[in-house]
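Presented as C-alpha cells, the chain that follows is alone, the form predicted alone.
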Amino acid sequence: MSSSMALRDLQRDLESKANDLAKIQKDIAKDHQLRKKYTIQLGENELVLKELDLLEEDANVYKLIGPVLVKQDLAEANANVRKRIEYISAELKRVDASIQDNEGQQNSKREAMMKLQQRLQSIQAGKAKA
C-alpha cells in the first residue's frame, strides 16, 4: 500500500515540476520577445543618432509629438536619443540576465524531473516484478 502512495506522491510532484517548467518556459519566451523588441529599438535609435551626427549645427530638427511636428534644438535631440540608447541598453542587460536566470531554473527543473521519472520507473518496475 505504501508503494502506491509513494507512486502517487511522486506523480503529483512530477506534475507540479512540469507545471513550474512550463511557466518558466513561458517567461523565457516573453523575455526573448522583449529582447527582440529592445534590439530593434536600439538599432533604430543608433541609426537616428548617426543621422543627427551628420547634421550641421544650424540644421532644423523636428520631433513628432502626437500628430504635430515640433521644432527641437539639435543638441537636445542628440541628448534625448543618447539617453534613450542608454535606457534601452540597460533594459537589454536586464532582460539578458532574466533569460539567463530562467534558463538556469529551467535546467534544474528538468534535472529534478528526470530524477523523479527515474524513481517512478524504478518503483513501477519493482511493482511489475511483484
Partner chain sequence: MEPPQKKGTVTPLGSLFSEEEARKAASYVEERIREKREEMNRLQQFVDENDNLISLVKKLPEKLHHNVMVPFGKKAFFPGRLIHTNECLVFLGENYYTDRTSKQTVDVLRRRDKTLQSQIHSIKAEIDDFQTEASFFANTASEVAEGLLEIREEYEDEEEEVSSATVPQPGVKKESSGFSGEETAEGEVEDDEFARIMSKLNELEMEEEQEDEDGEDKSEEHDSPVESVEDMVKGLGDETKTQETTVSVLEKVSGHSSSVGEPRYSETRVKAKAIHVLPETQPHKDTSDPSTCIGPKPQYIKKEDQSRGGIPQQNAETWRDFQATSAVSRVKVSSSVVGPQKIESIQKPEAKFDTNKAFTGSIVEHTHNMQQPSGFQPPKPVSRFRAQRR
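Keep in mind that this is a model prediction, so the values were computed, not measured. Positions refer to the first chain, counted from 1.
Not pictured, yet referred to below: the form predicted together with the partner chain.
Although the partner is absent here, Arg84 sits close enough that one of its heavy atoms falls within 4.5 Å of the partner chain in the predicted complex. With a 4.5 Å cutoff on heavy atoms, Lys63 counts as touching the partner chain in the predicted complex. Remark: Glu51 counts among the residues lining the partner chain in the predicted complex, judged by a heavy atom distance of 4.5 Å or less. Although the partner is absent here, Ser98 lies well away from the partner chain in the predicted complex, with no heavy atom inside 4.5 Å.
Using a 4.5 Å cut-off to the partner chain in the predicted complex, each of Asn45, Leu69 and Asn80 places a heavy atom inside that distance.
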